[in-house]
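Only one chain is shown below, in structure tokens, and it's the form predicted on its own.
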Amino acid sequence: MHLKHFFVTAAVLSTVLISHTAGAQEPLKIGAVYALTGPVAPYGVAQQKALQLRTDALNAKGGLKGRKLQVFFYDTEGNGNKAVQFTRKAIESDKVDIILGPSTSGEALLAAPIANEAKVPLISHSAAQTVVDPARPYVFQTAQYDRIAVPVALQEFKRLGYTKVALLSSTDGYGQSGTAVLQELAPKYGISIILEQFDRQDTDMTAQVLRARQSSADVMLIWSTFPAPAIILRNAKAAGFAKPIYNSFAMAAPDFLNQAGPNAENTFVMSAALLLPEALSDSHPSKKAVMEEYQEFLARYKEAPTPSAQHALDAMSIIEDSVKRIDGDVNRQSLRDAIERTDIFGANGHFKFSPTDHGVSTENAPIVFLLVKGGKFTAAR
């Protein structure tokens, strides 16, 4: 190539590169560390749908501050080691600006310290309070965690006159966190806990069910994620357990009905209101957000969303609100700082973050009780 031609070619390439750089900003990168397959996939798949829905909607409007959103999905299969592996990959290889997830408490308790140490904001979708208490600077949470849900359950039991609760809880992060809060708070409501534990992957809990039946408990409360609750209900029916059975809000999903089948009939489930919006009072401050997220999801997928979906939708509302408030470059640090100043109502409740509080408010939580009737969720009252 002649020297003259070289300089002409270089000049053209330089012009093209400058033009491209000036016309398009780098995308805002989101890492979604979700359980998309495996036993807890009902959580991650719903979150994936919700995140894709909101991402597409924002990108159709030009993104956030002119930056399109780029999402990297990682399938943890509900495995804590994989959650750690993919959290590192998102941070180090894919250079994401923020991480959403993981889907479950056990995974989140392992992944959160990694994101915090790397100074990458992470918005967990898990339900264990210990993920954000004590608060880590870069870790936030959208799910209604156990310290929010437990008082609601205990208030309901007290209202119904129950004084002894047979608690069947799993030995994983979700089960142990819930157990600790229940044991701490139950005495304040005049309620005693009779504890039976199991591994979430156990295939039979008949022994625990029989001990619960033989105890003086007024009611059974199952505190576990998939797949154990469906197995317990099958065991309970076979053992002739005749007392009321309640499930924690981890079972507020259609997959619970599919897995438990007829064994779930006439049992109760605590739930975020998104699963059955009409069960939430019109005067509740989160009703508007609940209805908007419900209708948005239904219009896109022709199916009703689950509470797991709202964890991702609320997280995206927080990100959108935060980016709009950033004056200057949007990066990991400015995102973290803006998120910590969040003050919005989502479907999960009031997000009023501060340096010492990175979870949804414990006040006036939009939680309802559902009764399984005819294979469907209905309002319990």
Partner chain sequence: MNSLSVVIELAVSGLVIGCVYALVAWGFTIVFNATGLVNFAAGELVMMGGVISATLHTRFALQPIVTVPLTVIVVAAVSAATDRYFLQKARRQVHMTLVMITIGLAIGLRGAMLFLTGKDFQFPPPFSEFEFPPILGINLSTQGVWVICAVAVMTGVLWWLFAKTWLGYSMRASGENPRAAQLMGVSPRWVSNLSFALAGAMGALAGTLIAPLASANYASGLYFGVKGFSAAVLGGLGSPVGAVVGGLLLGLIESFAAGYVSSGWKDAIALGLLILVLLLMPSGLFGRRATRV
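Please read these numbers as outputs of a predicted model, since none were measured by experiment. Residue numbers count along the first chain shown, from 1.
Below: the form predicted in complex with the partner chain, not depicted.
Undergrad: Within 4.5 Å, heavy atoms only, which of Arg211, Lys158, Arg88, Lys95 is in contact with the partner chain in the model of the complex?
TA: The residue in contact is Arg211.
Undergrad: Quick one: of Pro151, Gly80, Pro277, Pro227, which gets a non-hydrogen atom within 4.5 angstroms of the partner chain in the model of the complex?
TA: Exactly one listed residue reaches within 4.5 Å, namely Pro227.
Undergrad: Quick check for you: of 300-308, 230-238, 282-290, 143-151, which stretch puts a non-hydrogen atom within 4.5 Å of the partner chain in the model of the complex?
TA: Only one stretch qualifies here: 230-238.
Undergrad: So in the model of the complex, does Pro39 come within 4.5 Å of the partner chain, heavy atom to heavy atom?
TA: The answer is yes: Pro39 has a heavy atom within 4.5 Å of the partner chain.
Undergrad: Give a yes/no on whether Thr130 approaches the partner chain to within 4.5 Å in the model of the complex, heavy atoms considered.
TA: Because no heavy atom of Thr130 falls inside 4.5 Å of the partner chain in the model of the complex, the answer is no.
Undergrad: Taking heavy atoms only, is Glu296 within 4.5 angstroms of the partner chain in the model of the complex?
TA: No, no contact at 4.5 Å.
Undergrad: With a cut-off of 4.5 Å between heavy atoms, is Val45 one of the residues that contacts the partner chain in the model of the complex?
TA: Because a heavy atom of Val45 falls inside 4.5 Å of the partner chain in the model of the complex, the answer is yes.
Undergrad: Heavy atoms within 4.5 Å of the partner chain in the model of the complex is the criterion; list the residues of 198-220 that meet it.
TA: Going through 198-220 in order - heavy atoms within 4.5 Å of the partner chain in the model of the complex - the hits are Asp199, Gln201, Asp202, Thr203, Asp204, Thr206, Ala207, Gln208, Leu210, Arg211, Arg213, Gln214.
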